[in-house]
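Take a look at this one chain, the form predicted on its own, written out in structure tokens.
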Amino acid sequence: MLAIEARNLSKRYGDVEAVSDLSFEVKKGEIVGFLGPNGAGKTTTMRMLTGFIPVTDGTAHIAGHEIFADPIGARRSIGYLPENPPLYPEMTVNAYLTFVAKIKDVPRATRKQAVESAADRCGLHDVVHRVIGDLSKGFRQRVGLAGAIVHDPPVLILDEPTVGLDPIQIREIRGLISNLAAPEHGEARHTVILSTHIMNEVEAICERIILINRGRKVVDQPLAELVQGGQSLEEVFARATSRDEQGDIAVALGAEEAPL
């Protein structure tokens, strides 16, 4: 079963094409690293998938919901954590998560349980009554994650979730992300797309890599295949983007067409 199916996504701003004819699939339960240089179109793609910005061409299905024909269903199927989570620093953690659960249409009868579950899964049990503005950046990221999962969506889209954190906080957030995608009762609970510039973070968490450059896909392969033979992901990244810029990769290619 596919959790995400993107077909020929494109986004243009006037004469500038931020994303060009981008297609990929993500299976249920996968953790996929979505990589690319600055300005490659990663955040634009994520915002199109989440409905924050309209697409120019193409379409996508999120957990079976087409983003045009069923935009409400598609949005309800996604938990989105942007690089800077939109938190309200004057609210307590519990009040904020309750507010998010309400606007995400978690039923009143199960709302308290949903908030408690999200807080517990993100390690917030001891700070639920504290004001968000008084928390460390690491705990604020946890609050953002809890807000993204409070409605228990099948798909999580995380944009730079560990940016600005110290090494201990980074390790903690990585562990949380891995646990969010771990099977529960024999079935994967969440599918995760993770955008980051930290290569060892991708190697620690992700099973598959999608790499885009100048708005086009240049790599789509399992991580194990990319690093076989002892090459590092950083070397793969540098070679793929360099070849693309030199014109050796002129169209978006899959793993079978452009082995690295």
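In this text the structure is predicted, and so the values were computed from the model without any measurement. We number the residues from 1 along the sequence you see.
Another form exists, predicted in complex with a small molecule; not displayed. Remarks below refer to it.
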- Determine whether any heavy atom of residue 39 comes within 4.5 Å of a heavy atom of the small molecule in the model of the complex, and answer yes or no. yes
- Give a yes/no on whether residue 152 approaches the small molecule to within 4.5 Å in the model of the complex, heavy atoms considered. no
- Query: Is residue 221 one of the residues lying within 4.5 Å of the small molecule in the model of the complex, judged by heavy atom distances?
  - Reply: no
- Close approach of residue 238 to the small molecule in the model of the complex, 4.5 Å, heavy atom: no
- Task: Please determine, with the chain shown alone, which of 56-64, 30-38, 228-236, 199-207 has non-hydrogen atoms within 4.5 Å of the small molecule in the model of the complex.
- Result: 30-38
